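What follows is one chain in structure tokens, specifically the form predicted alone.
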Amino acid sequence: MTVDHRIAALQRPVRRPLEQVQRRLEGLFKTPIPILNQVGGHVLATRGKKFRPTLLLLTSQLRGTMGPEAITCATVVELVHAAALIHDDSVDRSTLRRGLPTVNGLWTDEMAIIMGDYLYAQSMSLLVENGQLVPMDIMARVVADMACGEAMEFQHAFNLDVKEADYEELIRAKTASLIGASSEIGAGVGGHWKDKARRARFQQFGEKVGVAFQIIDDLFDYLSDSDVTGKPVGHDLAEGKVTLPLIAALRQATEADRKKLRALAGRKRWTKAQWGSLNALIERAGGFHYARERAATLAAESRALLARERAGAARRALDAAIDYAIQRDH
């Protein structure tokens, strides 16, 4: 089964609620300001698989809860994710995402900031209008986490001595915190907000899935085809993002290989031969293997957190979501 078929399969139990989320998103770009509608149309046309809303809806469905509250919260999660990506592309000066032009690539960095801010504001408005105070508290925490993750990324840029623990905290804050919030909110909707222990378990579940998801994403920078990922191979390293495959390789390499690795990884551009040498050194030091194993460990830990839930379509789909996070190729 291909990755695209996998996500379609795991979304099957919540296909209709996801369609409602899409309609809610489309309604946000019917404004009297043509440029917002134009940019918003582009954002909707280039959105991804809705992995985060899917987790929220599936977690909600574990207890048979699928009311308007879940749809609203799933819409908010997708809005916040879109806003974060738009700002992230502007910060990274990325002109492509998934092979399609970014907002800053088609318009300007200023327009990207405006659109991201608009989406953040719309997400908070939706929660206020629907009286969703606990989700608003969770999302405020997450937006702060994501900002801190961006700041940590800036702080650690081009630092070949960054520690694995610092890297994991960075990706937890920047990426996994929103995935954790998605499953935490899913555990709370339907009148279960006071069940803090279960909410905390599903926050942990989502964050573990999210960290594993990002580790796999970081492998793509070295090993994937740019035609598949939609961005140039080596783009992240050229931007100074030192990720787990390289961190592990530098830690495990022989002294001679470590010197070569540091020299090659410290560059901002590579010839095809230099990039091949860098990958070969990481492979020889076990960096790629270590990253895959770490992602697999986190996936197993997240599955253990799910184990106490009753069997059914939603739990099977959440199991499949864990597999998707670590087995996808883009």
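From 1 onward, residues are counted along the sequence shown. All values reported here derive from a predicted model rather than from experimental measurement.
Not on display, but discussed next: the form predicted together with another copy of the chain.
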- Task: Look at the candidate spot formed by Pro34, His87 and Ala144 and say whether another copy of the chain comes within 4.5 Å of a heavy atom in all three of them in the predicted bound form.
- Result: yes
- Is there any non-hydrogen atom of Tyr120 lying within 4.5 Å of another copy of the chain in the predicted bound form? yes
- Task: Determine whether any heavy atom of Leu237 comes within 4.5 Å of a heavy atom of another copy of the chain in the predicted bound form, and answer yes or no.
- Result: no
- Classify Arg93 as contacting or not contacting another copy of the chain in the predicted bound form by the rule of any non-hydrogen atom within 4.5 angstroms, answering yes or no. yes
- another copy of the chain contact in the predicted bound form: Asn159, any heavy atom under 4.5 Å: no
- Note on the structure: Here the chain appears without its partner; judged in the predicted bound form, the stretch of 254 to 262, 211 to 219, 130 to 138, 193 to 201 with heavy atoms within 4.5 Å of another copy of the chain is 130 to 138
- Task: Quick one: name the residues from 191 to 221 with any non-hydrogen atom within 4.5 angstroms of another copy of the chain in the predicted bound form.
- Result: none
